[in-house]
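Only one chain is shown below, in structure tokens, and it's the form predicted alone.
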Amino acid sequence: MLDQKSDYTEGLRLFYLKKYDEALPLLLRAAEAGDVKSQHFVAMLYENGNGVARDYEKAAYWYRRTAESGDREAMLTYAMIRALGKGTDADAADACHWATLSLHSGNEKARQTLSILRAQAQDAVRAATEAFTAAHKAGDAEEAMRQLNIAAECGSGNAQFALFQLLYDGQGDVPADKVSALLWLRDAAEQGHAEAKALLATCEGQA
């Protein structure tokens, strides 16, 4: 742990001195050991071609690693990477997934970007809605829930409200999660869902 910290500290010093070729191996070693901040800097070095040949595929890999570690800024960056297909396949649904995670993690900067991504993901909403209906009819609760989440992340107000209802008190195998439930309620209200708007006003009035 001490070596990981010292690699990051020295790598960061060299980074700000613009000695990128010296910074990269130190930051990369710390990143591979799991240091989230180092992972983000390594992603930027590959993306911008600082101290190394520009490599969008490696940049996308490290942004994803950082996002998976819970960094909400990296979640938003990776969402844009997935939307644009920069170093990875373009995927509108996955772009919405990461932007939603960023917003629900408290990154308000993700709100406008997510609105744009959702407007471009209507085909994904339709596909997820159809898949949800098929899975529900087949009695595949796990797949139905997965598709419901995709539809919600891609901007379906109906799916968002359904998740609110499932999560608020918990139903079946779905455990109660009031924090997540209220985030989905707010999403649904912002999409113009009438019942969600009325409930949200009540919830906020009681806060």
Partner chain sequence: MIYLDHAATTPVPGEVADTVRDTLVHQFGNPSSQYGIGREAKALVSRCRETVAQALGGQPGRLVFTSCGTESDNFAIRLAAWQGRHTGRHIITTAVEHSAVLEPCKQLEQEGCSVTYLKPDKNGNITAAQVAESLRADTVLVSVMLVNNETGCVFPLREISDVLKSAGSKALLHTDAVQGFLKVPFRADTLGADLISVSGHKIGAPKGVGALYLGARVNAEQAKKHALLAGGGQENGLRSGTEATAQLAGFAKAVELRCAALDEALAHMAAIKQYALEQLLAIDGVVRVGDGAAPHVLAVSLVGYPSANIVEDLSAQGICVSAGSACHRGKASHVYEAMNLPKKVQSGVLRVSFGPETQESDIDALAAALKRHRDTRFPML
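Remember, predicted model here, so these are calculated numbers, not experimental data. Residue numbers count along the first chain shown, from 1.
The next section is about a form of this same protein that is not shown, the form predicted in complex with its partner chain.
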property: Candidate from 145, 182, 52, 36 lying within 4.5 Å of its partner chain in the model of the complex - any heavy atom; result: 145
property: Stretch in contact in the model of the complex with its partner chain, which is absent here, among 43 to 51, 161 to 169, 26 to 34, 58 to 66 (heavy atoms within 4.5 Å); result: 161 to 169
property: Non-hydrogen atom contact residue 151 with its partner chain in the model of the complex at 4.5 angstroms; result: yes
property: Distance check, residue 136 to its partner chain in the model of the complex, heavy atom within 4.5 Å; result: yes
property: Interface membership of residue 190, its partner chain in the model of the complex, 4.5 Å heavy atom rule; result: no
property: Residue contact check: residue 22 to its partner chain in the model of the complex, 4.5 Å heavy atom; result: no
property: Site check 77, 98 and 100: each within 4.5 Å of its partner chain in the model of the complex by heavy atom; result: no
